[in-house]
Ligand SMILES: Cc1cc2nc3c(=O)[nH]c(=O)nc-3n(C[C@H](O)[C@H](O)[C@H](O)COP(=O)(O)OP(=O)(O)OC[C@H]3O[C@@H](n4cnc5c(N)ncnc54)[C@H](O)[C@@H]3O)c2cc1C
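As structure tokens, one chain now follows by itself in the form predicted on its own.
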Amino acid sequence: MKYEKVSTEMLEKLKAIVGTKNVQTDPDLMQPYSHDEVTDPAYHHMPEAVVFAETAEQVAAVVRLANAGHFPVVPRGAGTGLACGAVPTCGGIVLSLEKMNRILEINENALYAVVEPGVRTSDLQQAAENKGLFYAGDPCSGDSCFIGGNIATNAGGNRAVKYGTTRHQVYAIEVVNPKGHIVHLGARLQKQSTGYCLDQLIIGSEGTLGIVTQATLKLLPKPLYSLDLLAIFNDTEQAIGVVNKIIKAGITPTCVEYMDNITIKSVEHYLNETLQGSDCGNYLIVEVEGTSEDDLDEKAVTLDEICTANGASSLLVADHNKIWQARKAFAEAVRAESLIVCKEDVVVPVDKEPQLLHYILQLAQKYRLVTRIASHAGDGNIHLNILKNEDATYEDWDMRVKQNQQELYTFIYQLGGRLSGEHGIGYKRKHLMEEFTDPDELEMMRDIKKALDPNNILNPGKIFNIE
């Protein structure tokens, strides 16, 4: 689809909507908005302008102007995405929501928060904790990502095994739809069967069906007791295989995270410190919550028995801050090793996870791939990072990565899995989405996009092409 350039006339109209200071056209200042956390320059695209909105009314007016002038609008939060979802591949403007960063309400009695999309996830977590409450959404990039981006991608993270992904934390959203109207979707209700569930349609749509300008989110009482255990395994498949056995034993862990030994060593080098048990094998980090210390002790004994029976060489009580610092440093450690990385975000049913991990390692050997692997093992989501070999050309490495993808995704779909567990499809995985998704399912998605966004204004070129 062809779009109009953002003309001088349109720039003046944008300035009239958001103010002159909130429209940026300097190439040097726009450069950070040409990409997200994907550092490979092959995926970078410059916008024609960056526009900073401060209210929902401004967002709506910008979208109406884009429809009139027929130029694309690419919504952007913190830019921490890993699928090029906020990259302006078709030109037009990047509409940044970073200035809409207020926590509007923390309601201690009714257990909810009202926030703008530019609120940092960790800031909401801290605001809730200050009130003795708990926000369960916990992406690994929580110190930098925004709530709006979490909603747009249905971000998962460490606690999804117990508390679900971002969509499970959302009561209601205020959204600017593709025609530039402000609509309120969802409600602060425990249940409702009143027409289509449009709020859940918007969540995870990666800015292609609407721009979130406010969210009402669920809060919970802060857990009274918690414990972090670190199980060390020599065998990778035994480590992953423990997860289903823990769940079958009646324990619902808060988090179950896996890191292979070479990844642990990478994180150690990045943090410049030695981690517990790092010379012994692969990590399985298990966090559990309890109603009392006795309850925690009982769960710890059960976990010890399960892990030991499944081949764990040791089970340690982990230092909470150090172990989660190590897990959350995974992405930064990989980036420190190489700026050219293919980040796979695959997901399968939890009971199929050992099979997938075995196959990943087989393919890595076959295609001579340098891998770093971490997993939200409790929900079947494996993060496979493939680093460019130092002695390979980009073209050779890229060819081997694509060959690997063909075999990997064919196997994943045979297992009942999908391309992405939490990062989304964006621009980077669009061709794979179109190749591996059932054609009838893909047609339904395209029909929804065409119906809601007939001019294809909102974040075009993401998830799939409009034919």
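Numbering starts at 1 and runs along the sequence shown. This structure is a prediction, so every number in the text was calculated from the model and none was measured.
The form predicted together with the ligand exists for this protein as well; it is not shown, and the discussion that follows is about that form.
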Quiz item: Is Arg429 one of the residues lying within 4.5 Å of the ligand in the model of the complex, judged by heavy atom distances?
Solution: no
Quiz item: Is Asn310 one of the residues lying within 4.5 Å of the ligand in the model of the complex, judged by heavy atom distances?
Solution: no
Quiz item: Taking heavy atoms and a 4.5 Å cut-off, does Glu37 contact the ligand in the model of the complex?
Solution: yes
Quiz prompt | Exercise: Ser266 in contact with the ligand in the model of the complex, heavy atom 4.5 Å | solution = no
Quiz item: Of the residues Ala374, Cys145, Leu303, Val288, which one places a heavy atom within 4.5 Å of the ligand in the model of the complex?
Solution: Cys145
Exercise. Could you tell me which one of Asp295, Glu273, Asp351, Glu332 places a heavy atom within 4.5 Å of the ligand in the model of the complex?
Key: Glu332
Quiz item: in the model of the complex, which of 191-199, 242-250, 137-145, 311-319 comes within 4.5 Å of the ligand (heavy atoms)?
Solution: 137-145
Quiz prompt | Heavy atom within 4.5 Å of the ligand in the model of the complex - qualifying residues of 395-426 | solution = Glu422, His423
